[in-house]
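Read the single chain below, which is given as structure tokens and is the form predicted alone.
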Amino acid sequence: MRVARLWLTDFRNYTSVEAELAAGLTVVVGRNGEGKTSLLEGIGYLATLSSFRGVPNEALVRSGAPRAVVRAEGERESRSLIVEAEIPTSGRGRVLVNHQPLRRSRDLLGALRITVFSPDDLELVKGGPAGRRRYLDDVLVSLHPKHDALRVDVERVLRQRTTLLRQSGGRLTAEIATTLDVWDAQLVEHGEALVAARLELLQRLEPELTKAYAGLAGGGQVSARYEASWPMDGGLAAALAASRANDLRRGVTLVGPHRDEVALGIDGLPARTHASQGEQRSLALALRLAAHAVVREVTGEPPVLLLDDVFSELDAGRSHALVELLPSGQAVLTTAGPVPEGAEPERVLRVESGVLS
């Protein structure tokens, strides 16, 4: 989908704003805190029904307003598409597609795909494994909404199993053992399916990651290796059985897809601990570029690129390399400084105190 117009009402610091976006590159210029990122956040919300900054929905509503509304008009597969989301301060919101309410929020996934670049992406490399697992799962959802259902199923089973473990008080009664068997069977079914999807995705990502990193850093061998929290040749069922006593004692599920790692390396060394910050930042950017390339290849449509002030964190060489590597298609870039050298925007918007010009 290409977003032609975006409307925000009582969203973040905007009372009401309309933005017309170019088919190619739109650059949004403004000082920090004026509302640049909020424009990207609005587009992102219509793709995922969540903030890419990780804040709760109520934080998206302008202070004093009962609800926010985000609306976009554009094209998908040469057909007009209008998506509108109402975000209340409490309770469930409402989503309309071409003025028709969605029966399930999941039905929106895939209508608008995005690739977000932000300064926080450095945590993909420097941070803990949860961020890297989330990266893989978010890309899977972009490829097909069925992966969202799979992720939700895994999270549901883990919640139920954890509740049971904590209620057990460390004792394995016949009733608890029987119920654990039920949850274990479901965790094996959904968990192994999720891990299989992650492994297949990682195989697709790795060559794109290598290519993108080489373009950004000028060389270096990168690797991305999936490390399961259990011996995969024995299966998750056997691992859960072996871990049951420890799970009961600690009140948590110690093996499963929620404990897995994606080990990133540069030139044979762990990127998290041995790479320089410049190398880590290049690898984080390469992860986003690789995901964008895979989603475009699989779905046949390029996601909308959202670049949130990423150039301020890059030196001149990496900035130039990133501009050269940006794929074709629609992109919205925010900056507090000048337009990055080499970028050729079709439209420039200026924002000050929630007002566009």
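Fair warning: this is a prediction, and the values are worked out from it, not measured in the lab. For every residue, the number given is its place in the sequence shown, counted from 1.
One more form of this protein, predicted together with a small molecule, exists but is not displayed; see below.
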(message) Within 4.5 Å, heavy atoms only, one stretch in 289-297, 42-50, 313-321, 55-63 touches the small molecule in the predicted complex. Which?
(response) 55-63
(message) At 4.5 Å between heavy atoms, is N32 in contact with the small molecule in the predicted complex?
(response) yes
(message) Considering non-hydrogen atoms and a 4.5 Å limit, does the small molecule approach Q330 in the predicted complex?
(response) no
(message) Residue-level question: is T9 within 4.5 Å of the small molecule in the predicted complex, judged on heavy atoms?
(response) no
(request) Using a 4.5 Å heavy atom cut-off, state whether T26 contacts the small molecule in the predicted complex. (result) no
